[in-house]
Structures are given as structure tokens and as C-alpha cells.
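Next comes just one chain, in C-alpha cells: the form predicted alone.
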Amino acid sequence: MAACVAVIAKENYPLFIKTIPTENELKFYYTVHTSLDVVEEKISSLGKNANDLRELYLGLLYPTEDYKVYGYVTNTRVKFVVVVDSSNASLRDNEIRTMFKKLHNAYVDMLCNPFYKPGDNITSKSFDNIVVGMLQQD
């Protein structure tokens, strides 16, 4: 389903990036990094009341020749970026939203771990298993 899943901190550094296929990993890092400008633009376009985010799902950030990049922002400004193969025409907006909600719930569960310090790289096995499930789902 997804080719790359990334979790980006409030300060725009990656907390977690997982890709399939792994031979194009650097390309996905670049794609996720360039999507952050679009995420910031969409957040700032919400207006002065940006602290009151009602809609966390940002939708399609931008399409490329091979992939479509979608974004999601939590209330604490942690960003989720999912890169999907553009040849997957059967993927609907509701399925992308569901994917982000599942990712957000896994992130919150991981954040509740008393041994995790917010801002550190994500090393949780359960979070990784959920992301791998999202990447391998076809």
C-alpha cells in the first residue's frame, strides 16, 4: 500500500522513516524532506487560529511521477508523511485517512511508554510492526 512512512518531529527532524523497497531509501528521504515545505505552508494557511487544528489530515501534499505524498499533523505539530505508489489507483482518500489514524494511534501508544523520551528516535518494536504492516499491505 505505502512505499514510505515517516514521522517528523515538531522541529522538522526525522524521528522514524521506513521504506519499501530499501534500494531507493535515499530518494524517499529526499521526498519526505521536500514535503515538509508543503506541510508548513498548509499549516500556516489555516490562519491565525493555527493552534486550534480541527482537521489533522492535510491530504495530498504533492504528486510526483512515481509517487503521491500525503501528510498529517498532530496537535503537538508532529508530522506524519506517507508516500504511496501513484500506480495504485484503487487507493481512496478514506483509506489514506484510516492509515493516518492507525499510525497516529500507534504513535500515541508508543509515546505512553515511560521509557521513551519525546524527541528521541522511535525504536519501538510494536510501532515498527504496525508500520511494516502498512507498507506490506497490498
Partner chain sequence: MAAQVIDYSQTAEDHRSLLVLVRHTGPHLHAECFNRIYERISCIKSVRVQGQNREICVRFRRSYSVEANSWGEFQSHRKVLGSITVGKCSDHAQFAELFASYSRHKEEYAASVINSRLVAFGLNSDGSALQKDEVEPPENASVHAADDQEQAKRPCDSGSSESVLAVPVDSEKQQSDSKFQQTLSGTRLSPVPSSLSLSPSPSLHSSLPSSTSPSPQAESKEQPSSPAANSRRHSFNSQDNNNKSKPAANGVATTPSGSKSPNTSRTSASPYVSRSNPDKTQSRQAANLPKESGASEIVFYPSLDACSDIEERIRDFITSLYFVLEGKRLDRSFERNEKSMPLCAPFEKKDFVGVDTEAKSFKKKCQGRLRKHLGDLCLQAATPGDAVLHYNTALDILRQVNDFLWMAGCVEGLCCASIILSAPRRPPSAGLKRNLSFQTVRGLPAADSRIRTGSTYTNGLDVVPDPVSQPILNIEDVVEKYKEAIQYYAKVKAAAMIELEASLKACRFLITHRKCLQASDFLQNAVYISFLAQEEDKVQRNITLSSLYNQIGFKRKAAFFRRVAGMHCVSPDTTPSWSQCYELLLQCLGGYGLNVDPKDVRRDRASGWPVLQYRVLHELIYSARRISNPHIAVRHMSLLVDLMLPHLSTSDQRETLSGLSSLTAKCMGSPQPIVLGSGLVLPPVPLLSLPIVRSFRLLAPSPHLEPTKLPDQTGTGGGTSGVFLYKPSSLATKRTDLSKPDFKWTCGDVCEASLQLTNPLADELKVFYMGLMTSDLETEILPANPNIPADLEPMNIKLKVKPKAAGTLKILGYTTVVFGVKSNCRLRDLRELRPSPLTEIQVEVIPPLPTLTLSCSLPKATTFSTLGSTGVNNDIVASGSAALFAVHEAISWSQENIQAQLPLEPGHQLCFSLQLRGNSDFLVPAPETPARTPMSHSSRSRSDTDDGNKEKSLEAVLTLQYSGGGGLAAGYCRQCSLALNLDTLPSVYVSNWTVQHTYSAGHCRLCLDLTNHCGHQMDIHYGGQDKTTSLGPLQTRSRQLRLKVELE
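Residue numbers count along the first chain shown, from 1. Keep in mind that what you see is a predicted model, and the values were worked out from it rather than measured.
If you look for the form predicted in complex with the partner chain, you will not find it shown, but the lines that follow are about it.
**Report entry** Triplet Pro14, Leu36 and Asp120 all within 4.5 Å of the partner chain in the predicted bound form via a heavy atom
**Finding:** Every residue of the candidate spot has a heavy atom within 4.5 Å of the partner chain in the predicted bound form.
Query - Ile8, heavy atom within 4.5 angstroms of the partner chain in the predicted bound form - result: Ile8: yes, in contact with the partner chain in the predicted bound form.
Query raised in the report: Given that the partner is absent here, does Glu95 sit within 4.5 Å of the partner chain in the predicted bound form, heavy atoms only?
Result: Residue-level check for Glu95: no, no contact with the partner chain.
Requested in this report: Look up in the predicted bound form whether Thr64 has a non-hydrogen atom within 4.5 angstroms of the partner chain, and give yes or no.
Outcome: Because a heavy atom of Thr64 falls inside 4.5 Å of the partner chain in the predicted bound form, the answer is yes.
Report task. Find out whether any non-hydrogen atom of Asp85 is located within 4.5 angstroms of the partner chain in the predicted bound form, and reply yes or no. Result -> Asp85: no contact with the partner chain in the predicted bound form.
Requested in this report: Within 4.5 Å of the partner chain in the predicted bound form, which residues of 25-41 have a heavy atom? Give them in sequence order, or say none.
Outcome: Heavy-atom contacts to the partner chain in the predicted bound form: Leu26, Tyr29, Tyr30, Val32, His33, Thr34, Leu36, Asp37, Val38, Glu40, Glu41.
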